[in-house]
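Consider the single chain below, provided in structure tokens and representing the form predicted alone.
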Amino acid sequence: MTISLIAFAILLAMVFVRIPIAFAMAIVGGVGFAILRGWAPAGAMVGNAVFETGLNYSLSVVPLFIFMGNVLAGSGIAQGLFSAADRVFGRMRGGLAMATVLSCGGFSAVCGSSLATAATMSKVAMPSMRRFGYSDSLATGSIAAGGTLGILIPPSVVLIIFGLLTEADIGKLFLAGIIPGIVGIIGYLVAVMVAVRLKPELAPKVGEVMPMTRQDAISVAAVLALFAFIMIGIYGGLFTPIEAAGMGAFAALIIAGLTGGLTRPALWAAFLDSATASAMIFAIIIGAEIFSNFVTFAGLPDSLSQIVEGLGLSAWTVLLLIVLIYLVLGCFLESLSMILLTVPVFYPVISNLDFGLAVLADPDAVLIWFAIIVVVVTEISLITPPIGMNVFVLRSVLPDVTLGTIFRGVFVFWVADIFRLALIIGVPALSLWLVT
């Protein structure tokens, strides 16, 4: 176990000096495995990890769902969603920020990517909020926080990868994410209301309410139709979650073509962005696989389970300690790396604990509930300093806004997320009701 802890410390140090997390995990895992087994077995393990990950059919969902989101982002659907949401909240103080949160939730429901949602909505919502005098902190905070919804609301790439890591039913994970995702949207709307009530100067002007346009209605209908198509297809037995990625990408192309947003430059940009994002994700998965093989061989999961049993800690105490570890790691690691790095270690520990959920008559209940908790904590990490990937995405898109301004803006949403996390932990039925 000692060598595993040393490896984690070296890994965090490499990340701190800005070595890409994919390479850091691969280097530490490969060298650590070589120290334990020798260089020849380590080379074989690294080669197998690269080969098996690249040829893993289940991972084909990653580029397909990303491509689906990019096609919709380039077709003008996001603009229509924002305009439609503005019709609902336009008369309220802070209405544009609420519209941003709601449109982020709708867009992420068919995009599945938090970073893509944040980048897209920053181009759509930021000009309108600045035009009506919104402070940059509230404007960027609502975009960065709203973008985190893409990691939970199905189809979620992170939930898919969690299911592949633990062999959980991806369909059940999708169902479990729906209610917590809706609770997250409501929590963010309340956060905006509280923020503008305490500091009215954050949103001094009320947006002008215009009638719903035909394009707005088409955008809303398109998103609802695509979401329903994917979910009904999966739970109606028409196709598997993996096949749903291909069907969703094809349906997105049809929708973009019918709405007139599928221009040649937009399609090329969707292909290019999808390839770039997929390459980054696969590199992280390969690095995490190498590191996971090392810590598993070093006996870290078994050692942690024995320590938990020896200390006699309750299941709930262990869960809270794991959540605290995730909150700390979220300050230094981005979301996908954190999940790939920790789930193989923590999942065996959680599987051996009794939370009293056996009454739900589902053998996967604890795992599914734990998955939603992990994903919500990961959402929080996306807006937690000093890393906060969504914050850095906004900073790259809006270079005239400082990191400090964005982090101040997301604080009220961070508090709302902490309340939601406590609610999901204390009331497991929020995640499991649709599943059971």
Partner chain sequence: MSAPAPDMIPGRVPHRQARWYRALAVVAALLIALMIGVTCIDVFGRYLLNRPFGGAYELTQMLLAALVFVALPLTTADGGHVEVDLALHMFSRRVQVLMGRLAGLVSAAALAYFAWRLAVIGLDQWHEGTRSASLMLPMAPLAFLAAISCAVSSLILILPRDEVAA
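Residue numbers count along the first chain shown, from 1. Just so it is clear, the structure is predicted and the values come from calculations on it, not from any experiment.
Unshown form predicted in complex with its partner chain; subsequent notes refer to it.
- Based on heavy atom distances of at most 4.5 Å to its partner chain in the model of the complex, which listed stretch, 213-221, 235-243, 176-184, 154-162, is the contact stretch? After filtering at 4.5 Å, what remains is 235-243.
- Query: Of 423, 19, 10, 415, which residue is found within 4.5 angstroms of its partner chain in the model of the complex when only non-hydrogen atoms are counted?
  - Reply: The option sitting close enough to the partner is 19.
- Please run the contact check for residue 67 against its partner chain in the model of the complex: heavy atoms, 4.5 angstroms, yes or no? Heavy-atom contact with its partner chain at 4.5 Å: present for residue 67.
- Query: Looking at the partner-bound form in the model of the complex, is residue 202 within 4.5 Å of its partner chain by any heavy atom?
  - Reply: Outside the cut-off, so no.
- Message: Is residue 389 part of the interface with its partner chain in the model of the complex - any heavy atom within 4.5 Å?
- Response: Residue-level check for residue 389: yes, a contact with its partner chain.
- Query: Using heavy atoms and a 4.5 Å limit, would one call residue 196 a contact residue for its partner chain in the model of the complex?
  - Reply: Contact with its partner chain, no.
- Taking its partner chain as it sits in the model of the complex, which residues of 47-64 have a non-hydrogen atom within 4.5 Å of it? Please list them. If the 4.5 Å heavy-atom criterion is applied to its partner chain in the model of the complex, 47-64 yields 47, 48, 50, 51, 54, 55, 56, 57, 59, 60, 63, 64.
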